[in-house]
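Below sits a lone chain in structure tokens, taken as the form predicted on its own.
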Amino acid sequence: MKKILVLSTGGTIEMLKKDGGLTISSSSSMDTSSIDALSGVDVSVRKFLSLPSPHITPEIMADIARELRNIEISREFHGVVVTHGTDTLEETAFVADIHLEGTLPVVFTAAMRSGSELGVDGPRNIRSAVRVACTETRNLGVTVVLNDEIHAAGRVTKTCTSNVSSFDSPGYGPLGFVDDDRVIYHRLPIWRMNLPPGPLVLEKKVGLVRTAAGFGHDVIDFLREAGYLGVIVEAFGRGNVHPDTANAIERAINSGVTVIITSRCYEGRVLGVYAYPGGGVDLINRGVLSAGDMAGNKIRLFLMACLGAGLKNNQIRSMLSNL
């Protein structure tokens, strides 16, 4: 008998229609009827919090990750399913993934449609997630299960505002699928980012700047002047920026700010290929760190955790070296 905990945190999966739109209220509840008849599974449901996902801050993400770590240490359950709103699900799942030891299967799921809409997907997603939590997933890290697909927390992202097949891992695809008769894995991730053992503390003053034509340098200067300790820059293509942005990055680095470059492209790594002012080679020479092909929103959380743990730039660079 597998003991599985469903930890609810809010989101569309437990929203009701009220005052012309969907909202979470005291009467909101999640439909868990789809897991009542699962054989060989003892499921408990616990409400951890109840928020729309845009309201979930990095501090709350850290609280969820700490709670999961406590459950992992207790060994009370064979697996945990976390229900969450879709807008920030990929970020909360990633924070949990870099903090957990990996000895407990943890699966995040959600719903793109509420229970008051036609074609509701929440109950099936919960059922699929519970089935995945019952499988041996120690080598997978935290996973995300929606629309019968299993994705790695480090790669998955929400790609569409409304479609039930919104969650995808661009360039990588799902780890596997949930079919009617069993859970099927097609591949295992060969890497997983981990923080050093210890308390999870997130440094709040880490910013994210997405470059656009002629835009970015003034925002980086603003963050530096505001006392930010870290900045993630979503650069063009291979990791290139306008010379004004490169100069702003250098000013930030000279002030002690950790600057990490990633790309605003959906797929592919940043790499020192171009040597012109603002090109990747130039930025590396100015002292930036490279995030490989990691998404900016996730690498920001990673840097928040690294700075919160007191890690230095050379330690962070070493942790990013395999990306």
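No experiment lies behind these values; they were computed from the predicted model shown. The numbering used is simple: start at 1 and walk along the sequence shown.
Heads up, the form predicted together with a small molecule isn't pictured, but that's what we're talking about next.
Asks: When the small molecule is placed as it is in the model of the complex, which of 53-61, 258-266, 279-287, 38-46 ends up with heavy atoms within 4.5 Å of it?
Replies: Looking at the partner contacts, the answer comes out as 53-61.
Asks: Should Gly85 be classed as touching the small molecule in the model of the complex when contacts are defined as heavy atoms within 4.5 Å?
Replies: Yes - in the model of the complex, heavy atoms of Gly85 and the small molecule come within 4.5 Å of each other.
Asks: Should Val80 be classed as touching the small molecule in the model of the complex when contacts are defined as heavy atoms within 4.5 Å?
Replies: Contact with the small molecule, no.
Asks: Can any non-hydrogen atom of Met15 be found within 4.5 angstroms of the small molecule in the model of the complex?
Replies: Yes, Met15 lies within 4.5 Å of the small molecule in the model of the complex.
Asks: I'd like to know whether Ala111 contacts the small molecule in the model of the complex, with contact meaning heavy atoms within 4.5 angstroms.
Replies: Ala111: yes, in contact with the small molecule in the model of the complex.
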